[in-house]
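Okay, so here's just one chain, in structure tokens, the form predicted on its own.
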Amino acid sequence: MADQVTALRAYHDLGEEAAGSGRPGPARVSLREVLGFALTQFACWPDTLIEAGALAARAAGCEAAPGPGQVATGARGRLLRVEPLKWWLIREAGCAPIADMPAELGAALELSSARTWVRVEGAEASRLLNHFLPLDLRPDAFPPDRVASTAFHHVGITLWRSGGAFELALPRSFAASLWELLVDSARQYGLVTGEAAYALADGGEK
């Protein structure tokens, strides 16, 4: 398993000092980079969708692969259906590598260092994200375990909801500039930043 590369560690020093920036009172937005995860993409052919989905579900420990736009959580990881013929498996870093898929079935690709994971939480989290994302993020329209691919300042990103948080998978080469846009806009709501350790159950932070 390749060592994960983070693009944001130099930006985690705002801490609680930022809570009062631009707004009195407690922070209503938190931005945290999630670290310690492994991301594997499963891609298949149209005629191998069921078989490849079953393989991905077994890797995650799920009963079945999620449908389009859905997230399923299994005993070994989360499985996101990010495109019609693609799933992302998110697991703890350092877990056993995923075996290569037969070429006639599809391909499994390690993407851990290709994406930077940012968790957005707080009372104004959806308002902040709607500064940039053309999505209806109200709970009825975008409930937990829903995933979407969208554009953030002309950059393609993946967004999903887990519990009360929004999770953003940003292309690593754009992560610093997108993080700065989030920070600058979030200051009006009161902001705290930091890191969170990957946990299969929500809320595992360090």
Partner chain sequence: MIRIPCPFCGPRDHAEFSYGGDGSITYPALDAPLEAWHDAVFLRVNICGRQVETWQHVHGCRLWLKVERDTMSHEIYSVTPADPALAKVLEGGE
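Just so we're clear, the structure is a prediction, and the values are computed from it rather than from any experiment. Residue numbers count along the first chain shown, from 1.
Same protein, other form: the form predicted in complex with its partner chain, not shown, and the subject of what follows.
query: Contact between Leu89 and its partner chain in the model of the complex at 4.5 Å, heavy atoms?
result: Although its partner chain is absent here, Leu89 would stay clear of it in the model of the complex, with no heavy atoms inside 4.5 Å.
query: Though only this chain appears here, would Gly69 touch its partner chain in the model of the complex if you measure heavy atom gaps against 4.5 Å?
result: Although its partner chain is absent here, Gly69 would touch it in the model of the complex, with heavy atoms inside 4.5 Å.
- request: Consider Ala176 of the chain shown here, and say whether it contacts its partner chain in the model of the complex, taking contact as heavy atoms within 4.5 Å.
  value: Residue-level check for Ala176: no, no contact with its partner chain.
query: Is there a non-hydrogen atom of Ile98 within 4.5 angstroms of a non-hydrogen atom of its partner chain in the model of the complex?
result: Looking in the model of the complex, residue contacts with its partner chain do not include Ile98, since no heavy atom lies within 4.5 Å.
query: Picking from 74-82, 104-112, 89-97, 119-127, which part of the chain touches its partner chain in the model of the complex when contact means heavy atoms within 4.5 Å?
result: Single hit among the candidates: 74-82.
query: Just one of Val155, Ala165, Ala43, Ala57 has a heavy atom within 4.5 Å of its partner chain in the model of the complex. Which one?
result: That would be Val155.
- prompt: Are there residues in 118-139 with a heavy atom within 4.5 Å of its partner chain in the model of the complex, and which are they, in order?
  reply: If the 4.5 Å heavy-atom criterion is applied to its partner chain in the model of the complex, 118-139 yields Pro134, Leu135.
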